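Form predicted on its own, single chain, as structure tokens, below.
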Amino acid sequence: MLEVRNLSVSYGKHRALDGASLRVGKGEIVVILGANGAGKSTLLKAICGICEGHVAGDVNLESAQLVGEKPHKIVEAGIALVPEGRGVFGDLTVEENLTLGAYAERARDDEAGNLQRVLSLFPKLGERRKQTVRTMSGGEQQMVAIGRAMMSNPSILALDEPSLGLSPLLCKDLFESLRLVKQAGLGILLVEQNAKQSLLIADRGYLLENGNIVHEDDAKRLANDPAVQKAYLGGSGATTGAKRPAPAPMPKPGSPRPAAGPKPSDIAAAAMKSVGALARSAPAAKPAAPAPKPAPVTNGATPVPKPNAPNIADLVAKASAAASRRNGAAPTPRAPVPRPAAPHATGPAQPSIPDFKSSSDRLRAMIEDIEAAARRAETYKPRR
């Protein structure tokens, strides 16, 4: 149905497409493979009449010459484009988007039949006819874009990167939908980055490099071609069709270890030997200072004072004496509090424990001394 001969596109002095030729038959899927910038999208735009560059060559659809025609005339002739990025009307519903696709005169007489065909191919669109398109997922929006193009009752459906931005699961559903579209009798011209999936559903394929079609072949032969595998399918291409060696079987539980390799006991002995050698070569470390013993705590609420800690009574007596000297009065000597020694002491000397039998009397005396010192401090006047 569609035949393209020596199609060229120039943007000023830059030649983006140079003498491309291809054909698409009825009920046939043809895929265009090529790297980014090879001219794939330019080829589709030139065929559909929306290329901004200078287009030369022949595009014939059922003997009608289409080069130089307006885009809506090309749609009337029977070519519908699903552009990259889908191009749906996001604020309209699914049904409104599909209805806009039937604007062409060739589709108006059978709008209901075309709508029924689209909804049978994409049942999910029938369930969501009143849903706003921008609230749908990317895969569902792609279905809307394809369905809208099919509503124009085309003979050739051109798709530019339909799986772009879709998850692997949605890509699988999309290519299955294209297979169903093919069974409906439409010819499909597909530009697709997913070379592996597109070759699985395609009948033939073309390789486009630097604006030139360099190879054409059956899709299965292209998928098995070493050069195509290396360039587009991620394979090395060195052993096409060769089976990979089967992995070694996993040992069954309880089976003996293989005889090859050192035994676990030998590995452990070697490790201990290396650790011993490191220990002999390391310098002897100085003995660490003994950690200070924690201060014992009595069963009561008052903790036992630490060794060599100052006695509270001595501190109060010293403060009272200092205050008396400042006021010119002789300090009143106080008898030191006796500190009984621990009987039958066999170990190192233990810290002395004060006698708390008359603690209330001593505490009262200390408070009186502190109050007297405070009163003297209030009336203290320095000597001149």
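In this text, residue numbers run from 1 along the sequence as written. Not measured: the values here are computed from a predicted model.
The next section is about a form of this same protein that is not shown, the form predicted together with a small molecule.
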Is the small molecule close enough to 16, 38 and 161 in the predicted bound form that each of the three has a heavy atom within 4.5 Å of it? yes
Report whether the minimum heavy atom distance between residue 84 and the small molecule in the predicted bound form is within 4.5 Å. yes
Check whether residue 93 has any heavy atom within 4.5 Å of a heavy atom of the small molecule in the predicted bound form, and answer yes or no. no
Would you classify residue 193 as touching the small molecule in the predicted bound form, given a 4.5 Å non-hydrogen atom cut-off? yes
